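So this one's two forms of a single chain, laid out as structure tokens and tagged structure 1 and structure 2.
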Structure 1
Amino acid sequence: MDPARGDASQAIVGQSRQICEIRRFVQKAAQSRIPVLLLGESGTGKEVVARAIYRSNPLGRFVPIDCGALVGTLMESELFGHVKGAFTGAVAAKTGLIELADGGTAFFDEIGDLKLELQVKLLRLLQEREFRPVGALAYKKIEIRVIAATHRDLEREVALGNFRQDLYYRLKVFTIRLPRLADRPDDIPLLADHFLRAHDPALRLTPAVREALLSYHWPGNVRELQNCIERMVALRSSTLLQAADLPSALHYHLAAQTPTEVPASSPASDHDLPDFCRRPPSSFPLLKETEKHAIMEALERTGGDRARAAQLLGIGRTTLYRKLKEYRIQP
């Protein structure tokens, strides 16, 4: 390997079987220019993997394109640029994101949100390697590597008519699925230490905190773990982070466990469990309270996006709407 490039998968922290496999995929993907599709729940590391693929063979630029933000009358021009006078207000020619990525990598983030009008143009780009700026007569040739990512089930989106089947087939040839964090618990301590070290190498977690992190289900995946560590770092009273510093979602989780499920505590770790973990079962939070809390957390984490919040919670959208009403939550 060219040492100047460094190890491409360096930034992908993890030692689980799944992550080792993903590192191998990253190396393979980097050797060819075929499109790559990254699938996985929110916060599983799709962008981390996209950047690692690019860094393995860093030709040209890495241009992230937020497909959800490509809306309205200017979306085509954002993506493909326009010529001077293409429309009222087009006083000068503009280079689109695609052209910025010429010779490099275009990362279509949340490809499942790309409007159908743009999907057909992206397909042409992939097949013919050409595009046409808004108002231009001629097509321009372009050489880009496309990496696309989505948290959506694209097959389902195809069935619903929201995503073009031909584009899906074109993209899915090289698919990498990012596993949920809860399905690779081996990575939890490594990631936690990685995020801690980013702040201060002297910071440590108590054994009880480690066990709490391991037993939680992480609906927001690595992003949630990262936020959790950052919050604990901000609230710490010493370099040893205690269970009392854990965010509320983990508190609820710990409290909802039966006493025998509370992290098997060695004498050294027992005392730093928060009080409520030692409360008698009668004062455990009501299921409804926990549910309401989980819904609020999911909405907070998805910036109020109900569809994604429902997905995080593993319930249908209609169920979420019903519960929002029931608990009088206004996202």
Structure 2
Amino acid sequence: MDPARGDASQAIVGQSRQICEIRRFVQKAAQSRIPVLLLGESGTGKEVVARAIYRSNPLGRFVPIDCGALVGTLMESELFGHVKGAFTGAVAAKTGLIELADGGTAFFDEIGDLKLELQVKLLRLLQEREFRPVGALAYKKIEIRVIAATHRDLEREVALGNFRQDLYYRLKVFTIRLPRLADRPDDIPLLADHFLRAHDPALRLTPAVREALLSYHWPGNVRELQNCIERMVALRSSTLLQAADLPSALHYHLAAQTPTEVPASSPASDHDLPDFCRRPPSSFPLLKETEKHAIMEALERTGGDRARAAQLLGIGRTTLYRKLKEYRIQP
């Protein structure tokens, strides 16, 4: 069967009850053009679900829009385009992302990060099916399907005044909640094998590695598991991936479960142990400091290029922007 039609929900890997339910929702959502709101933690696969909805009824283009990247004075132009002479430097007319999606689907990734002034314009787009490029006098009619996704609690954001209530109710016509990976552990081996096959069908995991993957809590969800597998593939010495190939987060996790006992006659300090055998003094400061250090190093290596830094870190640009703000990092 053509993966672009009908059975596109099979691209969502897993056999858990939650994933089977999501596949059913995908098929139902694809039968109409009403807005869809995808809710779930970062890394749970919201864009995978959005693309599955589109491919189940692939009309026009699928245009992803990273709301976290829409910053600065030109963000409205990025979305809606502009006419020639609309502002200094507008030497030619520009087509915005919304118009590119005409007849197709616009995927607003991390809609909770969209600025309030753009929320007003998106609401008009949804209600009136029209928009106005920057500097234009007339509105343009458009036929568009909107899928939005966020890790935020939008009801709380509405209460705090960060998200428009009318836009929230306009978007939540059809809501799909994506579970954390830790809440569907039976899917972990299936996902790991799926990511392995994407590299080489001959690759295999040892039973010890499979056990380690199942025992870990996966705070970064499916994206973290994918990055874990890709790292192991890059470091492998054979087609059978070993526990030694696991990333440090899983080594810390395993070391915390089975701490190394040091005989009294040999009082070795923690510094004498390999990195993966050391028990962190506190998992929360370690995670934050490690994340902050990794982000700063990635930005340094890429000369401050955020898009390349996000790619190097194996995270989405929206996630990187959020972490930069959280850790107060100025690239």
Ligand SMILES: Nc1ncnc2c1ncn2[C@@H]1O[C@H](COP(=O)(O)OP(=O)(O)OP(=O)(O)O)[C@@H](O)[C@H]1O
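These figures come from a predicted structure and were not determined experimentally. Definition used throughout: the rigid core is the maximal C-alpha set that superposes within 1.5 Å between two forms. Along the sequence of structure 1, residues get numbers from 1 upward.
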(request) Decide which single structure shows the form predicted alone, answering 1 or 2. (result) 2
(request) Look at the Cα of residue 323 between structures 1 and 2 with the rigid core superposed and state its shift in Å. (result) 15.1
